[in-house]
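A lone chain, given as structure tokens: the form predicted on its own.
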């Protein structure tokens, strides 16, 4: 039996793509290798959104050289956005590669492996597939408790710093009925939480519009909310310019829509937002936050911030830090700007020196760490509903997430994994909560998320 080993880098989209590839391989008779040393096919699904991530993947590929030398019959491949970006140039950096495949060519890989000669020339697959018109639905024999479902791919926004539209193509939405079918199958196989994925999920627009003429994403969420067996529904990532009032109102009406949202801000400076091509200003973002909290006061908000964008000054950074204080995010994902191929920002003047970017990132993160600690400490004494997803770091400890996406660690029996438990919060750090299990779970005990 042929064996595969897949390593994933980057965003949830890559995680979903890797899962699909593994399913397609399993359907062709491949088995999962316990370690890469035992595999006949080694695949790294790679991210290129930041330069550091790309360098890390290339380093990991080069580490495979001794294994390839010892076992020349192994097929080593690289995929994801980095493969799309580099294409044939990857072969100069890692000569022993047999396969370079962009994210839009995933479905071709299993059949290709039947004929690919590991001793022959490498195959490079990039751009849209000329062979695969539709993507088959694959669900595993046992679904993850929290399962990803991609509802659209690509992006039409062309933000100045982002390479995604060039690597994943223009926006393409999956048919609503196809998404509902995949979610239904995942629920039947054990999933309790569904996370809808897309570069910009709230611009979801399949070919057929809903009969009620409401935004297609709103229609999809309503139909998923009605599915039996669905306990929680999330989506990521959203663009502020496309966030409608109809979508905001769903946080107050849908029973399964979790009270958490990842809504990228990127900068608190209108000057930098304009240079980034984000198509909104800070006031527009603040209005969205106010409306979200009006509809769902307990909603947990998360965001992305880029520091050191070309032309950013100390005054711009101060505005971003002020925005953190105003909005009070539960947590942020923050990064230093890095030049990416093909993007508009690549040729912008007034690049920020690396040491300045590092200093600004540290200051930004320190401010948010203080905010996150206060936000998390506010949960002490409350009782929350936790979807238990696995073991914690310490013996006897379990870990899970609240509806607000907070990590909660507590002592409990491993039989609780896969179930909801009521937990009283007893402690907090900037990154997680600790608590004590209430047994048995009584829905009336759950006071907040």
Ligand code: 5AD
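Nothing here was measured: the structure is a model prediction, and the numbers come from that model. Residue numbers count along the first chain shown, from 1.
The next section is about a form of this same protein that is not shown, the form predicted together with ligand 5AD.
Screening 285, 235, 337, 329 for any heavy atom within 4.5 Å of ligand 5AD in the model of the complex leaves a single hit, 337.
Exactly one listed residue, out of 317, 162, 101, 195, brings a non-hydrogen atom to within 4.5 Å of ligand 5AD in the model of the complex: 162.
Proximity of residue 306 to ligand 5AD in the model of the complex falls within the 4.5 Å heavy atom cutoff. In the model of the complex, no heavy atom of residue 139 sits within 4.5 Å of ligand 5AD. Of the heavy atoms in residue 56, none are within 4.5 Å of ligand 5AD in the model of the complex. With a 4.5 Å cutoff on heavy atoms, residue 266 counts as touching ligand 5AD in the model of the complex.
Segments offered: 358-366, 338-346, 111-119, 226-234. Contacting ligand 5AD in the model of the complex at heavy atom distances within 4.5 Å is 338-346.
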